[in-house]
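Consider the single chain below, provided in structure tokens and representing the form predicted alone.
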Amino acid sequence: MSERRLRTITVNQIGYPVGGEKIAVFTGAGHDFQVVDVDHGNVVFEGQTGTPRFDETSGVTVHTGDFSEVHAVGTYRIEQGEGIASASFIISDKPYHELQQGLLKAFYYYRCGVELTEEYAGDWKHKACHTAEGIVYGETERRLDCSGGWHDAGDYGKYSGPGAKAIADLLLAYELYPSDFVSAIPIPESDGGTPDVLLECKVELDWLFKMQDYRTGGVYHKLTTLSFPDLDVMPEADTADLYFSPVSATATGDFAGVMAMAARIYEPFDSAYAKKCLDAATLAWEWLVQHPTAPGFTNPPEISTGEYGDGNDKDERYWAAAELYRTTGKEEYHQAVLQLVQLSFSKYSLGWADMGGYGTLAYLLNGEDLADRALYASLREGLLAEAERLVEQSRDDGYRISLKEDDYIWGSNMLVMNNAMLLVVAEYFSGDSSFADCALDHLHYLMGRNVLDISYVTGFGDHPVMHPHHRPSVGDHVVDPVPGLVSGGPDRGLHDEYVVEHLQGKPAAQCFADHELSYSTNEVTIYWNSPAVFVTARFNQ
């Protein structure tokens, strides 16, 4: 792959809403710039950038240009001197509609156990995969149906906890912004009645039912082969035995939380399905009650696939109790919330390992009248304080996002989008639009306003990720990768061989390689896509 010359003017490569702030970030010299109407060639705005300053996390000197005065719908680019220009971008009422549709359609491409037909998958079609029964680890004679759901990431494993986080983000997006999910994606199940986002989530929910041990209510932690297949192996060619890894408290808590949530969301569309979800959630809760000190999950000796280990299950139990209380109104769950919230875990995190934020959102969304008033006030105040902290960190960053140098970890773009999601929620509870403004800056970063001038979403923007660590995108021999996938982003820890060889000494925000071998910076997963769907939905209002 040839080295691409980075542009010195970076923008959101999709565009900007008509109203609100419009900022470009410059790294070159000179302060004058022009906004040019691409279709007509005329200059519509002239401005000057602000004072340059060195941005440590990106390793460059930056200055910003504000062109918020441009309101007319159209296609534009920013120019600065001879031959210096940004990507072209649109200004429109809903610039992110197609992006949201693409981020959501990605979940269809992640589907397991079914054929992806050309009608819906286009060039990225493939045959049905992973249809054989899985072996329950430690019970070699016991085999169970395990087909369906979504592949988790660039590999073909399926994981209960991360799957629950992805569903939760999508269901919350639908709950808060239902009007943004009217358009069909489309997917095979599209029926013009139930929104496609709920039909797609049902694919993963139906698989999660299969991960619950009906004998006990506990939930198997994950379903994978013993080891990862080679990088160019298509899903249908991955025929090694699948194993249900042992039940874990974290998986069971996540399952109980997301099933209780689903019971509430699906009730208007399918009451029988909603009851099935609630029954499964209740059974999982009973397992949690009976196993108060279950150990954290670790991979069995023979299994080397992604572990998703998590030694603290208090946050998952908190989420489960809060969702069950919100869905059923039963005091026993409220009492569990009041007890669990006193324990040590993050009450505002939205990551797969720290799910406490989902418990807090469930409790707050249930309303003050049904809450313990003191706890409601405390959680709301804490959430807004966390959002204020993110706003303050963003003000210190050259590209206006809330990541500090140490936050450029494996999957840093998940932090970018999770933080943006929390900021959007803070706006929802406070009515303070400055939180949403900061969240939008995070979306701008994801879509190209970053030091690498790259859109971290395949198929979107004029310089998107092209070579993700994603087996179908590698093995299908199609030039373009599967579209709509969010890449992991810069990882200053350099956790794979490719970046160790190529990125030594780079600043944190530049520790990224658009290369299929870089699993620590350029892999993709369902739970990086899901918060991005939530955030784009907010800005498609």
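In case it trips you up, residue 1 is the first one in the sequence shown, and so on. Every value quoted in this text rests on a predicted model; they were computed, and no experiment measured them.
Just so you know, the form predicted in complex with a small molecule exists too; it's not on screen, but the next bit is about it.
K.L.:
Does Y527 reach the small molecule in the predicted bound form if we count a contact as any heavy atom within 4.5 Å?
P.N.:
Yes - in the predicted bound form, heavy atoms of Y527 and the small molecule come within 4.5 Å of each other.
K.L.:
Even though the small molecule is not shown here, does H502 get within 4.5 Å of it in the predicted bound form, heavy atoms only?
P.N.:
Although the small molecule is absent here, H502 would stay clear of it in the predicted bound form, with no heavy atoms inside 4.5 Å.
K.L.:
Whether W410 contacts the small molecule in the predicted bound form should be assessed with a 4.5 Å heavy atom distance threshold; does it?
P.N.:
Residue-level check for W410: yes, a contact with the small molecule.
K.L.:
Please determine whether G113 contacts the small molecule in the predicted bound form, using a 4.5 Å cut-off between heavy atoms.
P.N.:
No - in the predicted bound form, heavy atoms of G113 and the small molecule never come within 4.5 Å of each other.
K.L.:
Of 397-405, 307-315, 373-381, 125-133, which is the one stretch near the small molecule in the predicted bound form, taking non-hydrogen atoms within 4.5 angstroms as near?
P.N.:
Among the listed stretches, the partner-contacting one is 307-315.
K.L.:
Which residue, Y325, Y109, W352, W285, has a heavy atom that falls within 4.5 Å of the small molecule in the predicted bound form?
P.N.:
Exactly one residue meets the criterion: W352.
K.L.:
Could you check which residue among Y428, Y177, F228, Y120 gets a heavy atom within 4.5 Å of the small molecule in the predicted bound form?
P.N.:
Of the listed residues, the single hit is F228.
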